[in-house]
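Heads up, the chain below is alone and in the form predicted on its own; it's given as structure tokens.
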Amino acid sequence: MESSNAASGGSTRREATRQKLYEAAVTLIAEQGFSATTVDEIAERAGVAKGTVYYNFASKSVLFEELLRHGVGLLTASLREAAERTARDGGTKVDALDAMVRAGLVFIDRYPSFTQLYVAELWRTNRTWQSTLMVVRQQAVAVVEGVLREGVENGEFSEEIDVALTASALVGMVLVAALDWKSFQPERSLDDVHSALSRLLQGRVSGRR
């Protein structure tokens, strides 16, 4: 029992260390770029020895790749939880999508540096972690695709919609709108931004009743 507890404690400490390294890396890389950021700077920002970085990650590239997995994994989990919570409450698939839009905004509000970095990396195709980025991106989009497909199956959405493209468009809408909010309209509240995207999602922008 003691050895089990010790192993559990060691695992918890390692995860806490990795979290500090993720936070240090994402802040530095968002500020000055991947190439300009050194392992020494990451270690110093995280408050650990340089050797600790290499103990947890084989290289700076591996650290960044795991950072992408970790960050997009958190986003995916928050989207999934929003959809599942709406289903438990008896909401519609439109309600689920709306809840996912809000969950995405909450995530971006909490992790703006990661979101900035993630969107920037989507446009780069010469990175060693490109395949990983595409995999984790698809995991997040797949959650939205699932809700759309269920909506088509139950008749809530038209059978003519392109599920994959619509899901990508919804995720992209949240990312771009949130970055614009954070960069150019920081005085607006999360509720205000969500309300604007909600009206767009529900087709209430034309003024027709």
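Only the largest set of C-alpha atoms that superpose within 1.5 Å between the two forms is called the rigid core. What you are looking at is a predicted structure, and each value in this text was computed from that prediction instead of being measured. Start at 1 with the first residue shown and count on from there.
This next part talks about the form predicted together with the DNA, which is not shown.
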Exactly one listed stretch (38-46, 22-30, 169-177, 153-161) reaches within 4.5 angstroms of the DNA in the model of the complex by non-hydrogen atoms, and it is 38-46
Tell me, yes or no, whether Lys50 is in contact with the DNA in the model of the complex, where a contact means a heavy atom of each within 4.5 Å.
yes
Contact between Ser183 and the DNA in the model of the complex at 4.5 Å, heavy atoms?
no
Give a yes or no for Arg13: in the model of the complex, does one of its heavy atoms lie within 4.5 Å of a heavy atom belonging to the DNA?
yes
I'd like to know if Thr17 sits close to the DNA in the model of the complex, meaning any non-hydrogen atom pair within 4.5 angstroms.
yes
What are the residues of 124-150, in order along the chain, with a heavy atom within 4.5 Å of the DNA in the model of the complex?
none
Does Thr17 show a Cα shift reaching 2 Å between the shown form and the other one after rigid-core superposition?
yes
Using a rigid core alignment, state whether the CA of Ser61 is displaced by 2 Å or more between the shown form and the other one.
no
Threshold 2 Å Cα movement between the shown form and the other one at Val48, rigid core reference
yes
